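Given next, in structure tokens, is a single chain: the form predicted on its own.
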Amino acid sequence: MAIMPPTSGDDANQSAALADVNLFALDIALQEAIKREGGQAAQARLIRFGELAGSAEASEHSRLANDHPPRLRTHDDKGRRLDIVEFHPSWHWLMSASADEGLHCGAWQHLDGENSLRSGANVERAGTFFLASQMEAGHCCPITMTNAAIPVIRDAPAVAEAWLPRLTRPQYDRRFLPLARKTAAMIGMGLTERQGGTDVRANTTQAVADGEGGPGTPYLVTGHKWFMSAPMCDAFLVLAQAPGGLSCFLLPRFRPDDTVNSLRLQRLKDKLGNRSNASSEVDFEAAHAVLLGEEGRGVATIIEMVTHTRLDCAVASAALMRRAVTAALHHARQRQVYGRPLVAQPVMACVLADLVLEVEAATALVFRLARSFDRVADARAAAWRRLMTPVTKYWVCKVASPVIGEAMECLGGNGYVEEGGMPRLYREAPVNSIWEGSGNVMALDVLRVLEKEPEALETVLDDLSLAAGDDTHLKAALERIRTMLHEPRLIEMRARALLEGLALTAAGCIIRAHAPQVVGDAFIAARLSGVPRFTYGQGLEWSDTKAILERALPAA
């Protein structure tokens, strides 16, 4: 860890900059999760990328990419349509850093002869994505969508032949060119419309066959998308109403004759956070697209992509929390208050330890979920993936904002100013809770599992019962979950309580089995003992906060 010395006596009680640190080497919980869930082969890679992600150079590019957000150019000086988005060079630096590491395709690069994933591929990629999200979260949007689009595209042979070689190349090609002239490509997504939002079946954008129609054939798409993310990608997965119903299409920026496709970018969204990344409103005017899957099967086709993006939302939220809490603990060790370090104040130690426990739980959950994506042929893993994807996305993304807000408060006024980076983390936090399905959408998804796939729930509950062992708090938490399930009249109103209960119980089981006992005991006692709590820093009176904090960030 490089500690910058004070420049004068005036700032002797200011914490040193947290600069040029290895984000992987500092994170014991992350290292253990990667090894435990099957990603240990990536150890050397993660150490190398952790150094880059935590470097002062990466931090400066992150600042610049957010201070100079993307700019839309709709026309040139002669009035001709351009429909391009210009980014600061630091955005391209960040994109290259992650793409060179294969983050947009890493899980799909090494498919074997049976088209199956290499063991540990999703866990390894999740580990690198965890580090990239701490480096700068906005650029992760096109990285996520490209990775998530690949399984959808590879199921469409006519499309996959042209697109997969460039989508799976660990490289970033920023040039606005037809696919055949590019070395690598990125995929964006446009699903929602003004009148429907999450209810994509209310979409009115129309698609008509440009020929015979059917999977892999061209269509012309006309309509509007209220949100289309990363509009300078090379193609987009979009939903539109075909004669057979709502369908999924690949809509590229260029037509087959290499002319620019008719996407009319109307404006870029002025967002709370995620400012380095462009999100746009767009009109399609008989835009060329290719049907993926069957007509009328749009939701079923796109759901594979959405499942992968939800995993990334949870991983990124856990990463943002980790970055914020690391900064808070680093500051509290150096800041002197009333004659001793801030971290030595018992009430502050309890707050920091409580935040650390939340990060440890989030990390455990997201990597346990990533493992289920690697074991596609395992029925128990499939059940975990189906139920725990919305559960994990719900809880991890929900707790990110309060955790980062509390971590910001630990720095006092310094935490509230832009230069320290905390405000950017805080603004970024809500987006993952909203994108790819808000909290209520996650709750409805779990209710669908209860109705249509009850065996998935029973499989997960059986696994948790086994992992709970003789722990009285974990057993009581499981009993509360089963009690909720036995009251079908109230289950929809209690859906959020069900998701939170599942997330906390699962995290408690994982931490109890694999983290040091001091961590497991503290987490379970503070969150699953049944004692109400509404703010951080409570329920840890008998915990070894010093040991918890030392695990979170070993003292320099």
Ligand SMILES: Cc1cc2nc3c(=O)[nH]c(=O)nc-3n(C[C@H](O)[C@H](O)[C@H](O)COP(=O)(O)OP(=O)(O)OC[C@H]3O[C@@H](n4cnc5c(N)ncnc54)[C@H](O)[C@@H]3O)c2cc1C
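Keep in mind that this is a model prediction, so the values were computed, not measured. All residue numbers refer to positions in the sequence shown, first residue = 1.
The same protein also exists as the form predicted together with the named molecule; that form is not shown, yet it is the one meant from here on.
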Option touching the named molecule, based on a heavy atom within 4.5 Å in the predicted complex, out of 475, 271, 255, 380
271
If you check 234, 374, 436, 354 against the named molecule in the predicted complex, which one has a heavy atom within 4.5 Å?
436
Decide whether residue 414 counts as a contact residue for the named molecule in the predicted complex under a heavy atom distance cut-off of 4.5 Å.
no
Decide whether residue 170 counts as a contact residue for the named molecule in the predicted complex under a heavy atom distance cut-off of 4.5 Å.
no
Can you tell me whether residue 298 touches the named molecule? I mean in the predicted complex, with a 4.5 angstroms heavy atom cut-off.
no
4.5 Å heavy atom contact, residue 440 to the named molecule in the predicted complex:
yes
If you check in the predicted complex, do 501, 505 and 524 all have a non-hydrogen atom within 4.5 Å of the named molecule?
no
Just one stretch in 212-220, 95-103, 426-434, 358-366 has heavy atoms within 4.5 Å of the named molecule in the predicted complex, so which one is it?
426-434
Contacts with the named molecule in the predicted complex, stretch 142-173 (heavy atom within 4.5 Å)
145
